[in-house]
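Below, in structure tokens: the form predicted alone, a single chain.
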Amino acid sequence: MFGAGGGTSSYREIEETDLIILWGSNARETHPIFYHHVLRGVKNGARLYVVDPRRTASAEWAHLWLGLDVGTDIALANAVGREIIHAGLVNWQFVERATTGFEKYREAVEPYTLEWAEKVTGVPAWAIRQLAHDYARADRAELCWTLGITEHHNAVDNVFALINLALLTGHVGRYGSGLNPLRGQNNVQGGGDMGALPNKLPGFQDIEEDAAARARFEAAWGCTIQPKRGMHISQMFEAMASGNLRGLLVIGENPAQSEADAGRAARLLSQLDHLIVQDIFLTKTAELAEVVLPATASWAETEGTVTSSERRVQRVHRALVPPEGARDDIEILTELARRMGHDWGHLTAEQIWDECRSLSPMHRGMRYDRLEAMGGIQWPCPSEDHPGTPFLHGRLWKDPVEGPLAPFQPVQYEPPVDALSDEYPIRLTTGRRLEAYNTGVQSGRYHPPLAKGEHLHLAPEDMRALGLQEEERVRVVSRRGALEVPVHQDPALRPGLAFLSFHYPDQVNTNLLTVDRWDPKSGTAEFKATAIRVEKLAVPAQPAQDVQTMEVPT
């Protein structure tokens, strides 16, 4: 946040704040451990607001659920901001001393009246007003979001719209007040921290703008680093389509099933000159590869570190001996380097971590023994006598402010790119379920009692209008593909909204339907907003595990 890609607050602060907003996050199912902290906060007196198109399991615990139409987050956030301004609830002490760009922001949100926002978002004006007033008046408030905000064609603008609200009210840089992007899966935070971003070196050091950082890495690595960002995954697929990317090494990912417009993704992967996959299972992506490198499970069979959404770096210990034939990721990569003419020796995880600490100021004080003794340390931790940093940007409250001021980023509402029409009248949104994980590579072999296979969730009104019965098999069609799936009546949905997860692609390949239009700033595709139609089939109902997928011919 404000230059470093991490949440500003600790989990403990969620328990000790006065107001919690979950915006585009069904944390009860998708971040269940974090949600325990939310429930403790509610038990301690915090008010909980949930902003989500679905009345999710998280919303069942909320003091107020704001059921907005998919893709209208900026319209809602800007209306909240305008109401805070017009009600005289701006934290002027914070805005005037710690921020820039307020007047441009005020001008940008002025058209977003409560009445206009109600028509666009579907959220009643009184609910928008209540959220605005309660958030601004709260002594401490935590604003949390996840993929419901970021899996859109304007993902970064969605995030800016939320950050603007925190700046407007001063809910950042203090204990119990912060901004928290909940990471989508284990160690996503650690991946970004370590430079798994096309424009960053480890420690969020900019590869284009920070010449001093490049020089440090060049000296340590004995090479020249070009001051030019690489491609994110969506750009890689564009390069495959144009023929400019002909070879790919995939480590621990399953893009043949996880990418939007999965039919196109699989075709492009199969057309590469050379595809190498390094994974613990033979995924659908691995089945397309010329070479498969069997790896170890990083959460149980390797040594190393993992970083949580609260920026806490923790030690990971090998608990199991890997199966015969599997090799540690470090061993695989160092052997690849050796065969390409670069002998890195036999490195341990701790040696690699110590090199990282020497080059990343935010990790410098995190020796392995300190991580063990302290139960993990939150970055930044710039020295070996530093305790770590429970919350970020306290500097904004110092007099004078330390470092750069926090900028308002005015943004404008844009509807989803996959427009609804007479031919495609239903909005499909996708998400996760408690009992499963991603494309099912790790969880698909288990059959928990909660799971009953994938179903298309529809509102009761839509079930009646389409003449459908529970478990009846239907054909779901988008502008990119089609599939067959049984239906489930879901009272948590409003008319015109449907829901599928992406956990069972071998049975129901949801991403055949989703649109691959992606955000130009982040590269994230718009998984959350697909236009579909639902067709009744003249066949008996069948259980979900028997459902097969299909792709519309092109």
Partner chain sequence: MNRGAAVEGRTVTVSIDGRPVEVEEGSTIREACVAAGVEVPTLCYLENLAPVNVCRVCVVELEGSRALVPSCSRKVEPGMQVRTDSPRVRQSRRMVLELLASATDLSAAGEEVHRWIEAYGAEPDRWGEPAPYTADAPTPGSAVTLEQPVKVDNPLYVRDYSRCILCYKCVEACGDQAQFTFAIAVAGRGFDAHISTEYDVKLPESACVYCGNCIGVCPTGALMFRSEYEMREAGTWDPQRQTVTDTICPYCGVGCTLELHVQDNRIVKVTSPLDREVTRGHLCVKGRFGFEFVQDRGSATP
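Positions refer to the first chain, counted from 1. Since the structure is predicted, the reported quantities are computational estimates derived from the model, not experimental observations.
Same protein, other form: the form predicted together with the partner chain, not shown, and the subject of what follows.
Trainee: Taking heavy atoms and a 4.5 Å cut-off, does Pro32 contact the partner chain in the predicted complex?
Mentor: Pro32 belongs to the contact set for the partner chain.
Trainee: Does Pro407 reach the partner chain in the predicted complex if we count a contact as any heavy atom within 4.5 Å?
Mentor: Flag for Pro407 set to no.
Trainee: If you check in the predicted complex, is Ser478 within 4.5 Å of the partner chain, heavy atoms only?
Mentor: Although the partner chain is absent here, Ser478 would stay clear of it in the predicted complex, with no heavy atoms inside 4.5 Å.
Trainee: Residue-level question: is Arg533 within 4.5 Å of the partner chain in the predicted complex, judged on heavy atoms?
Mentor: Contact check for Arg533: no, nothing within 4.5 Å of the partner chain in the predicted complex.
Trainee: Of 436-444, 164-172, 229-237, 77-85, which is the one stretch near the partner chain in the predicted complex, taking non-hydrogen atoms within 4.5 angstroms as near?
Mentor: Partner-contacting stretch among the options: 436-444.
Trainee: Work out which of Gln205, Thr296, Thr430, Gln278 lies within 4.5 Å of the partner chain in the predicted complex, going by heavy atoms.
Mentor: By the 4.5 Å heavy-atom cutoff, the listed residue in contact is Thr296.
Trainee: Just to confirm, with a 4.5 Å cut-off on non-hydrogen atoms, which of Glu310, Asp261, Asp418, Glu151 contacts the partner chain in the predicted complex?
Mentor: Answer to the contact question: Glu310.
Trainee: Taking only heavy atoms into account, state which residues of 296-326 are within 4.5 Å of the partner chain in the predicted complex, ordered by sequence.
Mentor: Those in contact are Thr296, Ala297, Trp299, Ala300, Glu301, Val306, Ser308, Ser309, Glu310, Arg312, Gln314, Arg315, Val316, His317, Arg318, Ala319, Leu320, Val321, Pro323, Glu324, Gly325, Ala326.
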